[in-house]
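Presented as structure tokens, the chain that follows is alone, the form predicted on its own.
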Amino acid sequence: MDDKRESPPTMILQFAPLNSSVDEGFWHSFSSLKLDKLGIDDSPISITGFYAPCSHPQVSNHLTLLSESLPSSSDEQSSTESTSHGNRNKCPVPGTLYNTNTVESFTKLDKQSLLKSEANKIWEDIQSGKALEDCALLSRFLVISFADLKKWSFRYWFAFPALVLDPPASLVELKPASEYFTSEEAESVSAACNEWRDSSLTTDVPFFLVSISSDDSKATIRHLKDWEACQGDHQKLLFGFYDPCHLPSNPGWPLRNYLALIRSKWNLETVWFFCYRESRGFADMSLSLVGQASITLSSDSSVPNSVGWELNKGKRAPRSISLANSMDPTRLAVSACDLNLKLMRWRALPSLDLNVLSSVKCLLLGAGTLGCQVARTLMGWGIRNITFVDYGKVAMSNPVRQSLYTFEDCVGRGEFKAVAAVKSLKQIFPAVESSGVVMAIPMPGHPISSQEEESVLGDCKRLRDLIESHDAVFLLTDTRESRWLPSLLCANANKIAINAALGFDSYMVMRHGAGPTSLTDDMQNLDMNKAGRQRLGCYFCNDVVAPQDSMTDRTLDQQCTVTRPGLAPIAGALAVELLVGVLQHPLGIYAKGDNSSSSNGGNTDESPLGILPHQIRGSVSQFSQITLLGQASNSCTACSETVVSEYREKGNSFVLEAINHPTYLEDLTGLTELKKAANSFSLDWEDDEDDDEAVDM
């Protein structure tokens, strides 16, 4: 009988697949990037994944995406280049994210072509030698995704491209490193690996060469580019890599492309590889593996085939995650409310300044039918700082017309509107910053006694402080005279004032111009021709009489705000749109008044939202609307320089005079003399007997 021993059967080298893990912070950061910068741009995004050597005998490490995996800036710099290095637990790996705008596009992606494209990059890096300089390129990966930012759900699929060896690599031997090395070699290799891992220059370099001298068993670790320096007859050479896999009988996925590089660059057919694994931050020779593989690469110079799509529970299918349940409800509400505004910037309004809207503070004088509508529309525009001023209580007739109130608010004596409105806003949107002030606004034509002076002047000071601490003021009260003092204070403080008033079937919405003193202050820094030197008028500029008592001796229908129910939503919405137009206009409060014929199609270079009118008047009985322009009057009882100067000079005494003496404002502004002159002026009409010259109008 022959005494020949049978050679061990050849086994195909099997690699443990690499698994992915995505931190929630990645999806939060990607959502912000998508909404704020990318929009509908579906170009590939360079990202960075992180992994580390296996550090537990029963758990493999994953390739992880973190919030820092995304590019840190809007330039062309890849996230890999901008990622800090030197973290032993975060070896950076370059990747590419392909995000689609629709779920249908995600489903139709040519996944095989994408995988092949990434594999081609790996092959090109091997052939060019780039992979020797930056060995992390061997572990390049890709992700396809679809982000449903309305539901905060994400569908994604990872691929870890691996070049297919043809024929497959054969496993000759595989054993724990502690069994392969002698005790002296194991000690030296452990020390060398620990030194490599402790250095900030090499701790995140995942592929390396291990040479062991046969003379003194000393181990040395080098970069792949130092291959030539490792050649010698008196040393062992192993190809080491950070192995994320914990299995004792299989090396990890990164070895696949490593073998392709070894066979292609150095033409080796037999390779000793070292699967480096750790325990508690130090090299673990009992957990690490050493194996021998026989590899053959086709002589064909074409790119090898590739595999690598990650399985989901054993099936070729994408994964999905929903963050809605794990998010703080208030934060989720904020993100959802911002969604529509951010989507506007994708196509319709790229220049929309959301920061201006989110930071503006609005004061609503009146929390009735108009106040409720204005507040709701303000929140729709992302304005979250809203203060109500009202002294009335919620009545039984209010909830059906005033959208912030319910039946519970009017039970008993009724809740103060300013308080109930705040409570309702916070129920609608918990992140709103809202407060309510219960107070009456002092009015001209409503005389007060000396005992009431202190209280009324206190209200005046409180109203002045409120106006000065806000950026925009809405005049939404029921009476004309209650708008006088706010108009004066807005002109004095140069605040944006938006006025809305309702008739039975008509409405008027207007913005006040800048205060008169601004012509010698801020306006000097502006282009006068562009801004228009003439100020826009306020609510009282067309009046020839001072505001008077409109509440005494009134019937029930005159005491209540009797209007068609559809008016308030229209006027309230227009009032907010007018404010947003002012905030987005480069000249702000100084913007001139436009009309419907000011531009083609309503789009102007100055205002991204279209024309910015001074006044809007509409009628639902005629279903008509017009825009008007009115300049400031030198005789205005609210915003003229005469009145503002008098208020600044006399302060409280001026306010008391205006409240107690109906003709005081008319005398001060010259309206009294104007009326006298008008009454004394007469016209003499001459009969013209020449009918042929008459013209019909």
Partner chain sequence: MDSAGEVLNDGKITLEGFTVAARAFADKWKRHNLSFPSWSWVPLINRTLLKKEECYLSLEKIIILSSLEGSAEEESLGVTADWWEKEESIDHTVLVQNVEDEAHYYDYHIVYSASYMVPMLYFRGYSSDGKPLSLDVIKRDLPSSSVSLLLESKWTFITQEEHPYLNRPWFKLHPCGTEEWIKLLSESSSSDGCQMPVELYLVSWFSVVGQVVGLRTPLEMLI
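Residue numbers count along the first chain shown, from 1. Since the structure is predicted, the reported quantities are computational estimates derived from the model, not experimental observations.
As for the form predicted together with its partner chain, it is not shown, yet the points below apply to it.
- Although the partner is absent here, residue 28 is a contact residue: one of its heavy atoms lies within 4.5 angstroms of its partner chain in the predicted bound form.
- In the predicted bound form, residue 445 stays away from its partner chain, with no heavy atom inside 4.5 Å.
- For residue 423, no non-hydrogen atom is located within 4.5 Å of its partner chain in the predicted bound form, even though that partner is not displayed.
- Of the heavy atoms in residue 439, none are within 4.5 Å of its partner chain in the predicted bound form.
- Comparing 288-296, 335-343, 404-412, 215-223 against its partner chain in the predicted bound form, the single stretch with non-hydrogen atoms within 4.5 angstroms of it is 335-343.
- In terms of contact with its partner chain in the predicted bound form, the residue from 321, 191, 428, 356 that brings a heavy atom within 4.5 Å is 321.
- The partner is absent here, but in the predicted bound form a heavy atom of 312, alone among 87, 435, 312, 235, sits within 4.5 Å of its partner chain.
- Proximity of 470, 493 and 584 to its partner chain in the predicted bound form is absent: no residue of the three has a non-hydrogen atom within 4.5 angstroms.
- Of the residues in 22-38, those that come within 4.5 Å of its partner chain in the predicted bound form through at least one heavy atom are, in sequence order, 22, 23, 24, 25, 28.
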